[in-house]
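We begin with a single chain expressed as structure tokens, specifically the form predicted alone.
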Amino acid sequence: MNIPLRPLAVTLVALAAVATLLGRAQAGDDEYFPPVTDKLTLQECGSCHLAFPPSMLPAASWKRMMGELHDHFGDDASVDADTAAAITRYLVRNAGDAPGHGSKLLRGLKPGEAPLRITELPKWVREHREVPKADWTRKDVGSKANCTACHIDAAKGYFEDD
């Protein structure tokens, strides 16, 4: 059997790329959170910080946060009512406790809890307990909310250790 090498090489490279992508997505059970795909949410939330994947918090948290934009962690992040309603719908529909999402990051939360900080979730705290306190205040990190400082693909939904 005489198989031309060039098409075989191209096929093998393509298969390796697919396997890498699928393997990475599969690892996402704990470390992959579908990123924000809504343009309005990306525009409004992502203009100041990483537009955090909605599945990282329960719906009650997103409702609470969107209702308190006048004091969004010390800043006024207010938007008009229609924009707030549209973003809230998107976040709630894709929240970690929404049907079909089942975010492992929410493990340990009591029913009805509505935390505002992802960094205070029990699983987040466990996963980051070995990070030295000094690392959080480094100039290139700044705070626990700056996921992209350590997780370079956070904007794509990947939060594995880099």
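Since the model is a prediction, treat every value here as computed from it, not as a measurement. Residue positions are given as counts along the sequence shown, with the first one as 1.
Missing here is the form predicted in complex with a small molecule; even so, the following discussion is about that form.
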(request) Look at the candidate spot formed by 55, 85 and 109 and say whether the small molecule comes within 4.5 Å of a heavy atom in all three of them in the model of the complex. (result) no
(message) Using a 4.5 Å heavy atom cut-off, which residue among 38, 68, 127, 97 comes into contact with the small molecule in the model of the complex?
(response) 127
(request) Report whether the minimum heavy atom distance between residue 72 and the small molecule in the model of the complex is within 4.5 Å. (result) yes
(request) Check whether residue 76 has any heavy atom within 4.5 Å of a heavy atom of the small molecule in the model of the complex, and answer yes or no. (result) yes
(message) Can you tell me whether residue 59 touches the small molecule? I mean in the model of the complex, with a 4.5 angstroms heavy atom cut-off.
(response) no
(request) May I ask you to check whether residue 114 falls inside a 4.5 Å heavy atom distance of the small molecule in the model of the complex? (result) no
